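Below, in structure tokens: the form predicted on its own, a single chain.
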Amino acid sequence: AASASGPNRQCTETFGEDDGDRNLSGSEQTLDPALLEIKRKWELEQKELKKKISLEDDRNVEKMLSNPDSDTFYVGGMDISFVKGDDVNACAALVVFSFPDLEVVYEDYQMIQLTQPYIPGFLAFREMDFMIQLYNNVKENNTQYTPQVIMVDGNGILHPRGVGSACHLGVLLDVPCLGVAKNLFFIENDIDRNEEHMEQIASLKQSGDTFPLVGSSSGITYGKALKSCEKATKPVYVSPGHKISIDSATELVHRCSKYRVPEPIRQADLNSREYLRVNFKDGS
């Protein structure tokens, strides 16, 4: 169900934990031969996608951040919420906000069934077709609200192979895309929630404070931890996906945050859960 304007709801600050792929350890689950074959195929696809990733700011990103009053800009948030205890039935959501005033201008919620298997590190292959359809819906039916930047509840280059959901979606759509995660994505032997990381979190005092997420062995900067608002006691983890730099992705998330989670993702999460509550009853 799509609408060109969103309801003015009073929202709580309750969020589910990130899906396992958004917060998994690097250790691989034991896979049966069929899943192992799928995994190998998906690894090859990720390698090809990675070649196309750009971490340079798109022209619209530059304009949004340097002179937001020069035009009307739109930022979309995407999320998929599952029926409790059900890993097949879900609601895919897109909520589009005007920027910089952060007013809901469009929302779309679709009941979906995920048929691809879940393999840690390959979440995008389960969800991407539905996210692309949401984008195509607004582009075809409400063109004026097509987002210039998309935020996803997940990761961009903060990923074992450098191709998280935000990269996957951004490259396939050729649209600036970034990932925002509520939990740190562990990358084996490189990114960990160790004592140093906890000390860095404690150093985030004011809204907008950040520290870079640098691999201990690779030296790669994957993104930034951001204290997104004054009342946030935990950071969010921002990583670019495509056509946006680390610094610009972090700044945009901060400027879209009234609470810990930036509004486009926050509303997509809350509203998709409410949509499930109302529209999915007794497995029907």
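Don't overthink the numbering: it's just position in the shown sequence, from 1. Quantities reported herein were computed from a predicted structural model and do not represent experimental measurements.
If you look for the form predicted together with the DNA, you will not find it shown, but the lines that follow are about it.
K.L.:
Please state whether all three residues G154, H159 and R193 have a non-hydrogen atom within 4.5 angstroms of the DNA in the model of the complex.
P.N.:
Heavy-atom distance to the DNA in the model of the complex: all three under 4.5 Å.
K.L.:
Name the residue from F99, Y109, Y135, F185 that puts a heavy atom within 4.5 Å of the DNA in the model of the complex.
P.N.:
Selected option: F185.
K.L.:
Would you mind picking the one in L94, C177, A181, V75 that has a heavy atom within 4.5 Å of the DNA in the model of the complex?
P.N.:
The residue from L94, C177, A181, V75 that makes the contact is A181.
K.L.:
How about K139: is it within 4.5 Å of the DNA in the model of the complex, going by heavy atoms?
P.N.:
No - in the model of the complex, heavy atoms of K139 and the DNA never come within 4.5 Å of each other.
K.L.:
Contact between P120 and the DNA in the model of the complex at 4.5 Å, heavy atoms?
P.N.:
It does: once the DNA is placed as it appears in the model of the complex, P120 has a heavy atom within 4.5 Å of it.
K.L.:
Does the DNA get within 4.5 angstroms of any non-hydrogen atom of S81 in the model of the complex?
P.N.:
Within the cut-off, so yes.
K.L.:
Even though the DNA is not shown here, does R126 get within 4.5 Å of it in the model of the complex, heavy atoms only?
P.N.:
R126 belongs to the contact set for the DNA.
K.L.:
At 4.5 Å between heavy atoms, only one of the stretches 194 to 202, 81 to 89, 99 to 107, 169 to 177 reaches the DNA in the model of the complex; which one is it?
P.N.:
Among the candidates, contact is made by 81 to 89.
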